[in-house]
Ligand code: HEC
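Next comes just one chain, in structure tokens: the form predicted alone.
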Amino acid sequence: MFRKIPEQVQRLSVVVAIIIAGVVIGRYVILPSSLTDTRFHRESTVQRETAKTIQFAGASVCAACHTDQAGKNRAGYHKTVSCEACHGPARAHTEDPSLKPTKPKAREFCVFCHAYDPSRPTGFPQINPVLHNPLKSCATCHNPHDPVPPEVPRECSACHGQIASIKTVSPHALIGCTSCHSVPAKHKVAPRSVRPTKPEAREFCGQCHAKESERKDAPKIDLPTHGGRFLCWDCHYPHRPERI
């Protein structure tokens, strides 16, 4: 003999049934098709967008007249940046050349991409706008269509600002970057394709930190047993290597 369903479950079942019925009725009976038909939305969106006035000319149209700038841009670091990303919509200019596109001159425009931001990829050119050639327009030193710096960065901190800031307050503050990294000359001009070396074995850190090391001012450990099979940087961040 089946047990009687508890009254609480019966009430809950009624509530759930009412909610489901309400959703179904609202979806298929009450709401007009214009709110539920995805085909209607797709067609209306296409009509709305095609009715808009075209404002952008496209980089290929710009290149047809501005061949020198386009050639530099295609071979430079800004090759993935469209002309109108900096100069604004240019369709009106193509129809009437007397209507000139905007020409960004203020520093604030370039630093929108190039101000230091730790979320950007390693090697992406970044500066501190307050300290980097203050009060000068970026175009004073950099050709926007081929923005190679007038001279390669002399310090690692020019691109690795976050690491440099962390390192200044760490026990490794006085250790130069090239003490641990071998930096090819081409890394300064092609940072993403030519990368510095990184230590690969525990023995590298052991040169200073193994108990038999002659480096007297470094904390010492028993290299064969300390940390077991783990590499040093599995537990210690090299640029600020306090124990974690």
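This is a predicted model, so every value here is computed, not measured. Just count from 1 along the sequence shown to find any residue number.
Just so you know, the form predicted in complex with this ligand exists too; it's not on screen, but the next bit is about it.
Please check if Thr178 has a heavy atom lying within 4.5 Å of any heavy atom of this ligand in the model of the complex.
Heavy-atom contact with this ligand at 4.5 Å: present for Thr178.
Taking any heavy atom pair closer than or equal to 4.5 Å as contact, tell me whether Lys188 reaches this ligand in the model of the complex.
Yes - in the model of the complex, heavy atoms of Lys188 and this ligand come within 4.5 Å of each other.
Counting only non-hydrogen atoms and a 4.5 angstroms cut-off, does Thr197 reach this ligand in the model of the complex?
Although this ligand is absent here, Thr197 would touch it in the model of the complex, with heavy atoms inside 4.5 Å.
Would you please decide whether Glu7 lies within 4.5 angstroms of this ligand in the model of the complex, comparing each non-hydrogen atom pair?
Glu7: no contact with this ligand in the model of the complex.
Which of the residues spanning 142-169 lie within 4.5 Å of this ligand in the model of the complex, based on heavy atoms?
Heavy-atom contacts within 4.5 Å come from His142, Pro144, His145, Pro147, Pro149, Pro150, Glu151, Pro153, Glu155, Cys156, Ala158, Cys159, His160, Ile163, Ala164, Lys167.
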